[in-house]
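Quick heads-up: it's one chain on its own, the form predicted on its own, in structure tokens.
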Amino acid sequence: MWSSIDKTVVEELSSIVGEDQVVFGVGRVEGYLLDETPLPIRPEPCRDVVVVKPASTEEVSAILRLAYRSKIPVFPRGGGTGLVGGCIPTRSGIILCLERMNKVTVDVDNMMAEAEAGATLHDLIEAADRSDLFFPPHPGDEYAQIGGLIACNAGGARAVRTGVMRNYVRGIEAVLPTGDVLRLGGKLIKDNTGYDLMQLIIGSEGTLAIITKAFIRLYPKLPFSITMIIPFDSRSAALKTVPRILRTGIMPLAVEYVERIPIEVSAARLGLEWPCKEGEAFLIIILAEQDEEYLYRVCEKLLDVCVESGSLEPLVAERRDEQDRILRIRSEIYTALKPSMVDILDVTVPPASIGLLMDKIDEISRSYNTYLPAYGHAGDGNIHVHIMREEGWDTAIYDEIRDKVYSVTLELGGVITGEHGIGFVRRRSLLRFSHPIYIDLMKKVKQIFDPNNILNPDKLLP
């Protein structure tokens, strides 16, 4: 059995990347073992690992050739911002840390960014901005890395208008478990050349190939924006307003749903104050357009729809600092709730069914006499339901609640995850709530790409 103290392997890895880019030994690897998965469901990491930090696709290729030949598990690691244990090493093996591969260049004429896997979302946004361009999605934490965002097909608040990561990736460079380098697509708008293997690798959670570089589509900036908080008396009223807004033809940059208790916990943690005093449930709506006059016309039309749907007095933020403050409080809800929670779900239903989903979640909450805080991306039907700690409850009760939330989601035509993925912690749920043929096909795809099962084993599929 291979061990991280195997001198031959460590020496060969050192010859590939340099001795100072290989990290091993208890205590030294701790910072590479975990992600943001809640502690009660997080897998225990294996500490018998070696961390390797390549600087190029060629070095990644050499590392995988060694791992494939020796049948050593490889765990790709990005920014560690995942919520389902997707990058946690669960066996003795190699942690492939891509942080040194962090270059971003922008082709202004083609409106494309060429980004290495270790570049962060912040790096991409800044590079686009310097070229007077715009990366429309904002799929989560800005310290998430591009390779991980693509491998997990990250979504985020703006998916309602701009789509998810796969909608912007036009080409990738990826290394197969054998060490072979695959180049797919490029600075292209159209590519209909055979099976779309690039889209198969996008969202595969590091189980089929290691993404080392991507070509990402950019757009002109939207210079004018408004952020609104629309308060409602109930969850259901807030969420049932969303399809009415979208049917008008208004397409906000983001339509987020939050609730008073978690949003005020988040604000307090930041030393801030939630500015909206009315209501128990809120829509945070961001409008962004090229033309300021058109922006205000859309804003008035949207507010009319909300009032007709029973909203209370809205709050409209036009100044950039006001908008940033609102979004900062929204973005910190998970961190604020994390110490008191067991799990965060990201179920997704057809957008018009999101109000019905919330009604079902309220029923589950009442039946267990517990509060299930919910917030998320109301415009695309993706809601984060939190299962909170309760005195005297055991794992079986938490599992029951999770399964009931998943069951009502599927009854409404939804899926168990819209953006977090399967990782380690959702594998049982994937098997329970998926058709056996679907699971069998995925296993066969994995076998074709990775016959030795070295790439992120124990993730996505058993």
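For clarity, every value in this text was computed on a predicted model and none was experimentally measured. Don't overthink the numbering: it's just position in the shown sequence, from 1.
The same protein also has a form predicted together with a further copy of the same chain, omitted here; what follows describes it.
K.L.:
Within 4.5 Å, heavy atoms only, which of 340, 167, 105, 367 is in contact with a further copy of the same chain in the model of the complex?
P.N.:
Of the candidates 340, 167, 105, 367, 167 is the one lying within 4.5 Å of a further copy of the same chain in the model of the complex.
K.L.:
Of these, 71, 100, 297, 320, which has a heavy atom no more than 4.5 Å from a further copy of the same chain in the model of the complex?
P.N.:
Spelling it out, the residue with a heavy atom inside the cut-off is 297.
K.L.:
Report whether the minimum heavy atom distance between residue 194 and a further copy of the same chain in the model of the complex is within 4.5 Å.
P.N.:
Close contact exists here: in the model of the complex, residue 194 approaches a further copy of the same chain to within 4.5 Å, heavy atoms only.
K.L.:
Just checking whether residue 396 would be counted as a contact of a further copy of the same chain in the model of the complex - the rule being heavy atoms within 4.5 angstroms.
P.N.:
Contact check for residue 396: no, nothing within 4.5 Å of a further copy of the same chain in the model of the complex.
K.L.:
My question is simply whether residue 360 lines the interface with a further copy of the same chain in the model of the complex - judged by any non-hydrogen atom within 4.5 Å.
P.N.:
Close contact is absent here: in the model of the complex, residue 360 is far from a further copy of the same chain, nothing within 4.5 Å, heavy atoms only.
K.L.:
Residue-level question: is residue 187 within 4.5 Å of a further copy of the same chain in the model of the complex, judged on heavy atoms?
P.N.:
Contact check for residue 187: yes, within 4.5 Å of a further copy of the same chain in the model of the complex.
K.L.:
Only one of these stretches, 273-281, 307-315, 92-100, 342-350, has heavy atoms within 4.5 Å of a further copy of the same chain in the model of the complex; which one is it?
P.N.:
In the other structure, the partner sits against 342-350.
K.L.:
Thinking of 110, 208 and 290 as the candidate spot, does a further copy of the same chain come within 4.5 Å of a heavy atom on all of them in the model of the complex?
P.N.:
Yes.
K.L.:
Across 208-228, which residues bring a heavy atom to within 4.5 Å of a further copy of the same chain in the model of the complex?
P.N.:
The stretch touches the partner through 208, 217, 219, 220.
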